[in-house]
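This document starts with one chain, in the form predicted on its own, laid out as structure tokens.
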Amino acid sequence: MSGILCVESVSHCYAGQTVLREVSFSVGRGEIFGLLGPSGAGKTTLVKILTGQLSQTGGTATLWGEDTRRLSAQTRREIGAMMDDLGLYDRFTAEENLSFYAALTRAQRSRGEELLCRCGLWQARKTPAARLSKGMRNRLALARALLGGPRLLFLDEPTAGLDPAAARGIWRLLEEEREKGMTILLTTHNMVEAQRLCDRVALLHEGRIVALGAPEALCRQHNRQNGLLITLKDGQRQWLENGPAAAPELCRWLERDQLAAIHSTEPTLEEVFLNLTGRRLEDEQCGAAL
């Protein structure tokens, strides 16, 4: 298995409970890789292993060939992370938060100003972090994660609490960073976000990867109906099996100018996960997230 980030048969047990079970995947340069699963699926544990915060009980995980249990200082400087605890200083303004982290990462002050603008925070730059909305705090945490120009970025629900317009702005920013060569590992419950951003996704359930691939490919692969949903101009809806036998009927509607829309019956990622596991991606589990 090759890539910037390589995970091979990683398992982890905690307090007698198996949290991760033989997880394997790799992530290449410039790829946005999505890790999808409900709370308790093992996402947080896996990210902690990949960032060197936790040691797995089995298997190996490497970043640029280095074991994540023994990451060098240089490799750690190549990593950016936006996690659920955010790590902001509430009494500092948005601008002061970035200035403080810029000093730690030796980033130029102008980089902080650029990110405040790109994350839609310039007007709020003098506002203490404690007074920012949840969505604005998330954007500030993302700006901080990008401050040092990391080659690998870990993101946990980066657009949680954002309105659709603000979320699309963050998506564009992440796509721009990918075009520059940044690699991103993203955990999210937002299926629109996953399908818009991710080159590949891994569906994680009870510590196992139950499906892995490009979002569109997974949806096609699990298209059990394999049909066409037809909407006619008079409002009628018809279902046809997707195959050569549907051609004569489609041609007839086209010739009579009756056809309004054709939709294939591929499931969404949410439906794929439900079919594979019997659970929805947004399901919550009691207790702390694993």
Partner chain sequence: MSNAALLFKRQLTDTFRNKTVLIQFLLFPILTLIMQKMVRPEGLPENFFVTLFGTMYVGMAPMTAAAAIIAEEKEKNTLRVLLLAGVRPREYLIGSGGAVFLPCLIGGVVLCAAGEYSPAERVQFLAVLAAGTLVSILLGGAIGVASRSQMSATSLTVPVMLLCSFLPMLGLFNRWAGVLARWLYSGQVNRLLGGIGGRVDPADLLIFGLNLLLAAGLFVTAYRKRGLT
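Numbering follows the first chain given and starts at 1. None of these values were measured; they are calculated from a predicted model.
Separately, the form predicted in complex with the partner chain exists; it is not shown, and the next lines address it.
- Of the listed positions (S26, T51, S39, T62), a single one reaches within 4.5 angstroms of the partner chain by any non-hydrogen atom in the predicted complex, namely T51.
- The contact residue chosen from A160, A166, M191, L86 relative to the partner chain in the predicted complex is L86, the criterion being a non-hydrogen atom within 4.5 angstroms.
- For the three marked residues, D90, F100 and R144, a heavy atom of each sits within 4.5 Å of the partner chain in the predicted complex.
- Partner contact region in the predicted complex: 91 to 99, out of 167 to 175, 209 to 217, 91 to 99, 114 to 122, criterion any non-hydrogen atom within 4.5 Å of the partner chain.
- Put simply, R131 is far from the partner chain in the predicted complex: not one heavy atom of it is within 4.5 Å.
- Proximity of A81 to the partner chain in the predicted complex falls within the 4.5 Å heavy atom cutoff.
- Within this chain, K180 is remote from the site of the partner chain in the predicted complex, having no heavy atom within 4.5 Å.
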